[in-house]
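Listed next as structure tokens is one chain, alone, in the form predicted alone.
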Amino acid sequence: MKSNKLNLTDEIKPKVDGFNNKVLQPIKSWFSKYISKKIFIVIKKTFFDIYSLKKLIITIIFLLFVPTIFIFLPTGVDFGLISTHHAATIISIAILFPAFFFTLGIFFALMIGFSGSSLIAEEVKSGTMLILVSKPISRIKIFLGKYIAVIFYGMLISFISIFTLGWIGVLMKSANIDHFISLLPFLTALYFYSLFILFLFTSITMALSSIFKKPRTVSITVFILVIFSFIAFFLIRIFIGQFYGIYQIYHFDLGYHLGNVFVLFIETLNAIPPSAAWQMLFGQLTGVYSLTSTIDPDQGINLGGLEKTNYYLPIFSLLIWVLIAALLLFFGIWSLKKREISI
């Protein structure tokens, strides 16, 4: 018996060593090269530069304000007489529009933009960056440290906001813990989507902060981009109607792609049933749905939900904008490396 154990150990050990050498060692080397003690210091300093308890509380209140108004709107449903799944669906639909458009849309993107706009531009302008680059730390590590700090700050804010919003919805509608548990797939989908938004707009903001000399220019540029994405293209879709598809304007419509990615997370986690009750408004807002019900031609029965416009597959929208965000991240690093920093 002991001999068998030794033989098994002898067989497993080379495989473990091979895995360590081929997989773990390269990862450790990468972390030791880029995520060193020095970069951790930059992350910590930057995080506490943009974080304060007062600012955190005010930001979360601001992010929750509009969705809370929607939650207070009457539904005409007795939550004591319906299933937990049905109750979670009703609460999810009440939250969905303001969560996408405001909490994880305009407000969240602007918060990221305003938090990260000064991290490089202001330090270069004030001369602080000159002192920092004179230290034994590379510009790549300086950029990544500041970038990661914004990511951590955004993750904290989105997590607190999303799950607090879920609690508010349940407490206002039913005060039933089972309804909150049933709501978790929807809240998880929101959080995954918030990470995508965070990655995208942090990359945009930090890249712009590496290019422009003034943080105000970065903030204004992000503001214009956000308004254009969530409001301008929404109005364009309404006014030009079918010409939106004919002239393929959806290629440039960030609002459409964001809606497509949002639906991808909702469908992947089966967070909300495919119902025209939420898809109609969401389709008008983002252009993801064609606003035409799926009807069985033989029975005349609504099969549930609306047809998608399918300008892009949702996974393609996700991959395209993740790639764009990654390219912006590398462009930001390259811009900081090439930037002349002087008093």
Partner chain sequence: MIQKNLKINYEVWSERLTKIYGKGKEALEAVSKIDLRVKPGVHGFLGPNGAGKTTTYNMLVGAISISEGKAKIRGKKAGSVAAKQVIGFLPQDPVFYEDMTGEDYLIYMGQLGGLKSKEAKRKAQELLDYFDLFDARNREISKYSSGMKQKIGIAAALIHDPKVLILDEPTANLDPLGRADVIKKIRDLSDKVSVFVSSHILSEIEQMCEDVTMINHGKIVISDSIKNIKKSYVSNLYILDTDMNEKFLEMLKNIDFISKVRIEEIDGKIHIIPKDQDKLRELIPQMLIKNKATLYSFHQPELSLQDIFMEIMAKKEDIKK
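Just so you know, these numbers come straight off a predicted model, no measurement behind them. Positions refer to the first chain, counted from 1.
There is another form of the same protein, the form predicted together with the partner chain; it is not shown, and what comes next is about it.
Peer 1: Honest question, do H251, E267 and K308 all end up within 4.5 Å of the partner chain in the predicted bound form by heavy atom distance?
Peer 2: Checked in the predicted bound form: no contact with the partner chain for any of the three.
Peer 1: Only one of L132, M155, A232, V77 comes within 4.5 Å of the partner chain in the predicted bound form by heavy atoms, so just point that one out.
Peer 2: The residue in contact is L132.
Peer 1: In the predicted bound form, does I41 have a heavy atom within 4.5 Å of the partner chain?
Peer 2: It does: once the partner chain is placed as it appears in the predicted bound form, I41 has a heavy atom within 4.5 Å of it.
Peer 1: Does K54 reach the partner chain in the predicted bound form, with heavy atoms at most 4.5 Å apart?
Peer 2: Although the partner chain is absent here, K54 would stay clear of it in the predicted bound form, with no heavy atoms inside 4.5 Å.
Peer 1: Is S83 close to the partner chain in the predicted bound form, meaning a heavy atom pair under 4.5 Å apart or at it?
Peer 2: Result no; S83 lies far from the partner chain in the predicted bound form.
Peer 1: T188: heavy atom within 4.5 Å of the partner chain in the predicted bound form?
Peer 2: Although the partner chain is absent here, T188 would stay clear of it in the predicted bound form, with no heavy atoms inside 4.5 Å.
Peer 1: Only one of 110 to 118, 251 to 259, 216 to 224, 123 to 131 gets a heavy atom within 4.5 Å of the partner chain in the predicted bound form; which is it?
Peer 2: Among the listed stretches, the partner-contacting one is 123 to 131.
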